[in-house]
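Heads up, the chain below is alone and in the form predicted alone; it's given as structure tokens.
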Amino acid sequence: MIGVLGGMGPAATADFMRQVILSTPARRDQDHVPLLIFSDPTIPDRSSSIIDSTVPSPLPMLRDYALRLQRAGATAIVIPCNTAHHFYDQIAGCVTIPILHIVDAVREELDENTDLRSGGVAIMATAGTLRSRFYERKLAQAGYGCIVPTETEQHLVDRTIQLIKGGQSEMAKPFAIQAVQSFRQRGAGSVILGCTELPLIKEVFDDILPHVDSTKALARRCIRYISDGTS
């Protein structure tokens, strides 16, 4: 049973569950992946805590909820929030079950799709995720060159995420389009939707650049874990 440490944000968690269901080759209810979902949107903002050490940290709640999922019977945990992976080691250190890393899932998608490997890979994510640099480190180890946003591009990405979280997806789309067009002009061959809010408007990227949906990648990773038991 996969434990889902969610609520960051709630719509992204719901999309993760939907992606697991859609990606599962099931013919009946019993063929689907067992999920135990813990969704608490009151977890303090992850990006803010990375950038500003004076604001509340989400880590105590993340550790507590991971333990609750383990005690409730989860055999592995996923966190459908990219920025929360800044705290991955501390969360993983308090449980004895594996936590499937979202960047490992994204890397597997890149490895499997040759269309995504031409040119640099742009990272579209929160300011906290970029400050943490875990995408760059993990992808560099796998041989991928990353394109990180300029200050102007990051302003567009931050505004996109803020509007989606506020339930204003239509207003978010022009900002997202501007950011991805700029990535393409700088030589990006693909873009990682490295915030689980971004796949909620992923249709806007289809005609601009090939993209990796981090939510779908993590969902597919869950299904592989259930199938073969490896994290």
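Note that residue numbering follows the sequence shown and begins at 1. This one's a predicted model, so the numbers in the text were calculated from it and none came from an experiment.
The discussion below concerns the form predicted together with a further copy of the same chain, not included here.
**Student:** Can Leu5 be called a contact residue for a further copy of the same chain in the model of the complex at 4.5 Å between heavy atoms?
**Tutor:** No, no contact at 4.5 Å.
**Student:** Under a 4.5 Å heavy atom criterion, is Gly187 part of the interface with a further copy of the same chain in the model of the complex?
**Tutor:** Close contact is absent here: in the model of the complex, Gly187 is far from a further copy of the same chain, nothing within 4.5 Å, heavy atoms only.
**Student:** Might Asp29 be said to contact a further copy of the same chain in the model of the complex, defining contact as any heavy atom within 4.5 Å?
**Tutor:** Judged by the heavy-atom cut-off of 4.5 Å, Asp29 is in contact with a further copy of the same chain in the model of the complex.
**Student:** Given that a further copy of the same chain is not shown alongside this chain, does Ile43 nevertheless sit within 4.5 Å of it in the model of the complex, heavy atom to heavy atom?
**Tutor:** Contact check for Ile43: yes, within 4.5 Å of a further copy of the same chain in the model of the complex.
**Student:** Can we say Ile91, Pro98 and Ile226 each have a non-hydrogen atom within 4.5 Å of a further copy of the same chain in the model of the complex?
**Tutor:** No: none of Ile91, Pro98 and Ile226 comes within 4.5 Å of a further copy of the same chain in the model of the complex.
**Student:** Report the residue, out of Ile51, Leu35, Val55, Ile177, that has at least one non-hydrogen atom within 4.5 angstroms of a further copy of the same chain in the model of the complex.
**Tutor:** Only one listed residue qualifies here, and that residue is Leu35.
**Student:** For the heavy atom contacts within 4.5 Å of a further copy of the same chain in the model of the complex, list the residues of 102-120 involved, in sequence order.
**Tutor:** Going through 102-120 in order - heavy atoms within 4.5 Å of a further copy of the same chain in the model of the complex - there are no hits.
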